[in-house]
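Two versions of one and the same chain are coming, encoded as C-alpha cells; call them structure 1 and structure 2.
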Structure 1
Amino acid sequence: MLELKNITKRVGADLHIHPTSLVFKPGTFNILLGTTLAGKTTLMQLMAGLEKPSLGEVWFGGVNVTGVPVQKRNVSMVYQQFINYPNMSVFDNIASPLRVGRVDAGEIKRRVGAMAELMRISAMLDRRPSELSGGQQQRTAMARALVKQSDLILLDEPLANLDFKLREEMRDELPKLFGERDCVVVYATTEPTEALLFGGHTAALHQGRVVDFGPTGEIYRKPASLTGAQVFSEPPINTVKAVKSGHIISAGGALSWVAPEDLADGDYTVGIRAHHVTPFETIGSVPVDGTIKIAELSGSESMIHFDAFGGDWVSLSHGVHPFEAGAKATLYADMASCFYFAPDGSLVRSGEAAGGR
C-alpha cells in the first residue's frame, strides 16, 4: 500500500503541492487527472523518491520511505518524453533492469520477449533507439519499466506520443496487464475520457491540490465541487449563475425551468456538461440562445462553441450540425442532467448521478 501522509512540496516561496493525503492499495489502477502544471508529475516524483516532500511522509508497504532514495526502492516510472540508452539495442534496453537485478538469462529472454510482443516491437529488438520512430522509442521505454515487475509503477502520460491506433490498444491492455499483479499503479493524464476508460480510482488535481478522490465513475457523476467538475470535463463544463425561488429556477435573465423538489431556495452555480447541450430539442430540455463562435465537425460529432449568458458555452452532440460563425442560434440544455453548486463551490445536487452519462 502506498500512503501519502499530509505531504507538501515547496520550491522557494511557491507551494507546488498543497497538503495531500492519499492511500493507494495494492492491485489497484489509480489515475492522477489534471491539466498541465496541475502538479501530477511533482506528485509522482514525491511518490518515487525522486523528490523529497517539504513536509509530511511517504509510506509504502507499512514502511516510512520518505528519505529512501529511488535507487533503493522497487519502483518504475515512465515519462511522456521517452528515455532510452542510445548505445544499447532495444532488447538490451528492456533487459537492463533485469540484469541489474541478476535475473537469469533464460528468464530475461522470456520476459523481454513477452513485453516486446505486448508493445508491438518484437521485430525491432536488434535495433538501436536512433533507428526507431518516436512512438517505437516510447514503447521501448515503457517495456523497460514494465518488465521489472515493480511494486510501484508510475506512468506519466506515457501514451501521449503513440499513434491513435496503438494508443487505443494500450488503453485496453494496460489495466489487464496489471490486473494479476499485486502492485500499485499510478497513471497521470490530462484527458477525462482516458480516466473514464481506465476506471479504477481517480485523484482530480487543480493547482497543486487534490480536489476530489474516489472511484472514477463516482467522482465523474458526483464531483465534490465545481472545481472537481471542471477538472473532470472535456470540453469544459458550461456554467451559469442561477436563483431558485419556489418551484422555478431562473438563470442569466433569459432561462428558467422547474426546480427539483429537493433543492432549497437560494443562489447556485449551475453546471452542465457539453454532451447535455444539443442543437435539437429533447424531452425536458430548455432553449439557450447564443451567438455561434465556431462549429467543429467530425464524421460523427459536432462541437459548437457559442456565447451565452456573457460566457463561452460548448455543445457536443452526435451527427453533423453545421452552423455559421456569427449567426444567432438556439441550442437546448437538458437541465435534468445539470449540477447545482453552492456559493462556496461545493456540490449540492447532481443530475448526472441520477441518469446522465
Structure 2
Amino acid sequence: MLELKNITKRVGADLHIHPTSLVFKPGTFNILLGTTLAGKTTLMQLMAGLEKPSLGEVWFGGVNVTGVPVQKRNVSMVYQQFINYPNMSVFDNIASPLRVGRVDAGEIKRRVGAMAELMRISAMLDRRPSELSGGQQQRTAMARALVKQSDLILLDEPLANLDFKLREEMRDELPKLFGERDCVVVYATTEPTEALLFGGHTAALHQGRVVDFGPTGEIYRKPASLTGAQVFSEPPINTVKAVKSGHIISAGGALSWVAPEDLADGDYTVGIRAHHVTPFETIGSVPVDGTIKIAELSGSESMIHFDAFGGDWVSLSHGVHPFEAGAKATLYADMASCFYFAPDGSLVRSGEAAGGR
C-alpha cells in the first residue's frame, strides 16, 4: 500500500505540489489525470523517491520510506520517451535491473524470455534499441520495468509518443499485463478517454493540487468540483452562470429551463459536457444561440466550436453536421445532463448520475 501523507514539493518560491494525501492499494490501477505541468511527473517522482518531498511523508507497506533513495526501494518507471540503454541488446536491456539485483544467469534468461514473450518482442532480443520501431522500443522499456517484480510501477504517459493505432493496441494490452500483479500501478495521462478506458482509480490533478480522487467512472460522473470536471472533460466542459429562483433557472438572460426539484434557490455555475450539446433538438433540450467559430467534421463526428454567453462553447455529436464559420446558429443543450456547481466551485448536483452528491 502506497500512502502519501500531506506531501508538499516546493522548488524555490514555487509550490509545485500542494499538500497532497493519497492512498493507493496493492493490485490497483491508479491514474493521474491532468494537463501538462499539472504536477503528474513531480508527484510520481515523489512516489518513487527520485525527489524528496519538502514536507510530508511517503509510506510504503506500512513503512515510512521518505528520504529512502530510489535504488533501495523496489520501484520501476516507464517514461514518455523510450528510455533504453543505447548500446545494449534488447536482451541485456531487459536483464539490466536483474543483473544489478544479482539474479543468477539461468533465472535471468528464463524471466527475460517470458517477459519478451508477453511483450511480443521475442524475435528482437539480439537487436539494439535503435533498430526497433517506436512501439517495440517502448515494449522493451516496459519489459525492463516489469521484469523485476517491483512493488510500485510508475508509467509516465508511456503511450504519448506512439502513433494512434499502436496506442490503441497497447491500451488494450496494458491492463492485462498488470491484472495478476500484486503491485501498485500508477499511470499518468493527459487524456480523459484513456483514464475511462483503463478504469481503476483516478486522481485528477490541476496546478499541483489533487482536485478529485476516486473510482474513475464515479469521479467522471460526479466530479467533486468545477475544476475536477474541467480536468476530466475533453473537449472542455461548457459553463455558464445561472440563477435559480422558483421553478426556473435562467442563464445569461437568454436561456431558461425548468429547475430540478432538489435544487435550492441561488447562484450556480452550470457545466455541460460537449456531447450533451447537439445540433438537433431532443426531448427536454434547451436552445442555445451562438456564432459558429469552427466546425471540425471527422468521418463520424462533428465538433462545433461556437460563441455563446461571451464564452467558448463546444458541441460534439454523432454524424456530420456542416456549419459555416461566422454564421448564427442554434444548438441544443440537454440540461437534464448538466452539472450544478455552487459559487465556490463545489458540485451540488450531477445530471450524469442519479441524485446529487
Partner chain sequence: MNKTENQKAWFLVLPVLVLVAFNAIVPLMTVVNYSVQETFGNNVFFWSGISWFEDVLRSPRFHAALGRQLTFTFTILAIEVPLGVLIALAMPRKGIWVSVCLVLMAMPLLIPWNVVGAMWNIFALPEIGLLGNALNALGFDYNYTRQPGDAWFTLILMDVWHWTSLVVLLAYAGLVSIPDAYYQAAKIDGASSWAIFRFIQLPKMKRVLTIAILLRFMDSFNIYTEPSVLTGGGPGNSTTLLSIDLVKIALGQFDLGPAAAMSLVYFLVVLLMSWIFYTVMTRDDEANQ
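As the structure is a computational prediction, the values presented were derived from the model and not from experiment. The first residue in the sequence of structure 1 is number 1, and each one after it adds one. Rigid core: the largest C-alpha set superposing within 1.5 Å between the two forms.
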Original post:
Just one of these is the form predicted on its own; is it 1 or 2?
Top reply: 1
Original post:
Any CA movement of 2 Å or more for residue 104 between the two structures, core superposed?
Top reply: yes
Original post:
With both forms fit on the core, is the shift of the CA atom of residue 134 between the two structures 2 Å or larger?
Top reply: yes
Original post:
How far, in degrees, does the smaller rigid part rotate relative to the larger one between the two structures?
Top reply: 11
